[in-house]
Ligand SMILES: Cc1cc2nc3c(=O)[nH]c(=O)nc-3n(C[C@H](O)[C@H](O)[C@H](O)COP(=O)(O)OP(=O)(O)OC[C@H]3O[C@@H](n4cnc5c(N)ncnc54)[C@H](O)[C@@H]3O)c2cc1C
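The data below hold one chain only, encoded as structure tokens and taken in the form predicted alone.
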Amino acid sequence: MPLPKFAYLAPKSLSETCALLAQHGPNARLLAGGTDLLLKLSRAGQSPRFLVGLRNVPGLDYVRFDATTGLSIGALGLLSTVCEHDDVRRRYPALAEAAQATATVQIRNMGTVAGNLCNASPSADTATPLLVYGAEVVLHGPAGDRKLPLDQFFLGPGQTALGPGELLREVRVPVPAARTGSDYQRISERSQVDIAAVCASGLVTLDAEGRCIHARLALGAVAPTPRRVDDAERALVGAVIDEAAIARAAALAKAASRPISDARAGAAWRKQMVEVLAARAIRAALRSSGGRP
């Protein structure tokens, strides 16, 4: 199917970009890597009159780590850069695993983390690890920057908290505490490079005695938005995590999920896989923190 006709706009600054987005409103779409957007344009119902490209805006294509402030990913920071970055692999392994699991190497060399989030797919691979790491997004608009916790950014399938004329300028991820481990799990019935039918990320932090003092568990593709499971997290905190504790948390995750049936998987299968993947993610996070189930 041919692409619809559109005008391509190539601003050279953030202020010019925001002005164009505000000027054209719903008739404009922002183009970063384009791996999601161009696919949507080839289908019926997606026909913006303007594409606003970010490639000529300087200073957005970075992935960098600072021992004090943490990880920063610019609007044009590539998935391939994230999964190959030494500090990401060492300190944020769940995010590195999620970026590595996203589609194919060709897509990862074009697609951006910011685009993956702004697409607001319930199954976005990078969303659940960033949720468990406590990430925030920096949104830039006509009035300047504003910060928002990532768990407030997703409003629904394809819907975000971006306002008129705003773009996601940066993703910020704090430095994980000592004795913290994390993991990402995904599954699809069709293929390894298919969109995840279910995905889960887990994070645990232990004290010197091996007791859990901080826990996070997030699920994707089983609710309208990627989401954390508060009940499962509370069940882990304060305990020496054993197999019984992992099973309780995984069962709570299953109960909290609200999957649908679609072309990728049925709701009942998805709900069962939530319990399996949640347990795997917690167990692997515990191992990487230095603890043992």
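The first residue of the shown sequence is 1; numbering continues from there. Only a predicted model underlies this, so the values are computations on that prediction, with no experimental measurement involved.
Although it is not shown, the form predicted in complex with the ligand is what the next lines describe.
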item: Candidate stretches 175-183, 113-121, 89-97, 208-216, one within 4.5 Å of the ligand in the predicted complex by heavy atom; value: 113-121
item: Listed residue (L30, L41, A235, A256) with a non-hydrogen atom within 4.5 angstroms of the ligand in the predicted complex; value: L30
item: The unique member of A223, A197, C83, L167 whose heavy atoms fall within 4.5 Å of the ligand in the predicted complex; value: L167
item: The ligand contact at L162 in the predicted complex, heavy atom, 4.5 Å; value: yes
item: Contact label in the predicted complex: L71 to the ligand, heavy atom within 4.5 Å; value: no
item: Contact label in the predicted complex: P48 to the ligand, heavy atom within 4.5 Å; value: no
item: The ligand contact in the predicted complex: I187, any heavy atom under 4.5 Å; value: no
item: In the predicted complex, residues of 70-85 near the ligand [heavy atom within 4.5 Å]; value: A75, L79
